[in-house]
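Single chain ahead, written as structure tokens, the form predicted alone.
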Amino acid sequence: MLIEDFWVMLTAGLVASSCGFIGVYLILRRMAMVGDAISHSVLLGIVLAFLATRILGGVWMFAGAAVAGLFATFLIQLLHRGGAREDAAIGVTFTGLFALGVVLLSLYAGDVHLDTEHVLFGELAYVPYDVLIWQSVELGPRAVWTVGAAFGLTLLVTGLLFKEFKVCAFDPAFALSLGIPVTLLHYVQMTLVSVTTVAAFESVGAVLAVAMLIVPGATAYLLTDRFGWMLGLSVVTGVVSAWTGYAVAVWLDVSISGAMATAAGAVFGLAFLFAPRHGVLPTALRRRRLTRGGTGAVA
């Protein structure tokens, strides 16, 4: 294995782990498409950060993208509380903010290369060449440190607020009756989603970031009913999908991010069909046995 392959696989594994882990909470709270809204809203933050600083890349663009993602979640919540259906609020928010970002980009930064194509689709093959240098020492790809830091922050905050997050995910009304600040925890969690998504999209693009936010968590949801196992399985299935997709991309010489997202979909399809308790085939077999047993009892 070449060192470039190692860095690509490590970055993809970290993205899959961080997105899959926080994605479980989105699945349980029926907010899976919030990740899609955030990933499209970051373009507005990138453009505004550039217009304010005239600096391409760096911490300012990351901060602008993260703030735009958090603003998207606030706007979704505001519209939903105002009477709009949650799916409609998500759709209106991400299309509106993304469109506004495109308009501002065309008006005020049309001659500036903001690399929006890689923001949306990503290019993992370039990850090993964008290295972080500290005091003339190369510390490895910048994406590894960025995504790793986001994952570490998610693990730390989730560990500190694990019980509160768990209660809010399964029964927000009960959590509110216990005195848990549900709204505050919602925005804390959405901040983690925003930071995770922004950290991921720069290296892998919005398409793969959204896929890893949704698919591994949905797969784990089919495989187990235990919350702790669900978190762990989301990480495992995400990493397996990412590494399998990379192998397929190298073999067929196709888009790395596309192959990884496809592999994640294939793993979900297998779980959908064969999961022991919730899979289509095991469920059909159980119903068939029950039907035969009931027929025999009547006879």
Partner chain sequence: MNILDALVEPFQFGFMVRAFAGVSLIAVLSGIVGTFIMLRGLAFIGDAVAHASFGGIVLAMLVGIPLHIGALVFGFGTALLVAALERKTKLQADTSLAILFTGAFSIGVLGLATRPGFAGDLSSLLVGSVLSIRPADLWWIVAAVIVAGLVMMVLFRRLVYISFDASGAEAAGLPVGWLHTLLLGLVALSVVVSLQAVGAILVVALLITPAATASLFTKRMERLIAGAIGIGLVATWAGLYASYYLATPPGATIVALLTLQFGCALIVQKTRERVTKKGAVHAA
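Residue numbers count along the first chain shown, from 1. Computed from a prediction, not measured in an experiment: that's the story for all the values here.
There is also a form predicted in complex with the partner chain; it is not shown, and the following applies to it.
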property	result
Contact segment among 82 to 90, 128 to 136, 187 to 195, 141 to 149, judged by heavy atoms lying within 4.5 Å of the partner chain in the model of the complex	82 to 90
Contact flag, V102 vs the partner chain in the model of the complex, heavy atom cut 4.5 Å	yes
Contact test in the model of the complex: R30 vs the partner chain, heavy atoms, 4.5 Å	yes
4.5 Å heavy atom contact, G258 to the partner chain in the model of the complex	yes
In the model of the complex, L107 touching the partner chain (heavy atom, 4.5 Å)	yes
Option touching the partner chain, based on a heavy atom within 4.5 Å in the model of the complex, out of L124, A72, V215, A200	V215
Heavy atom within 4.5 Å of the partner chain in the model of the complex - qualifying residues of 219 to 241	Y221, L222, T224, D225
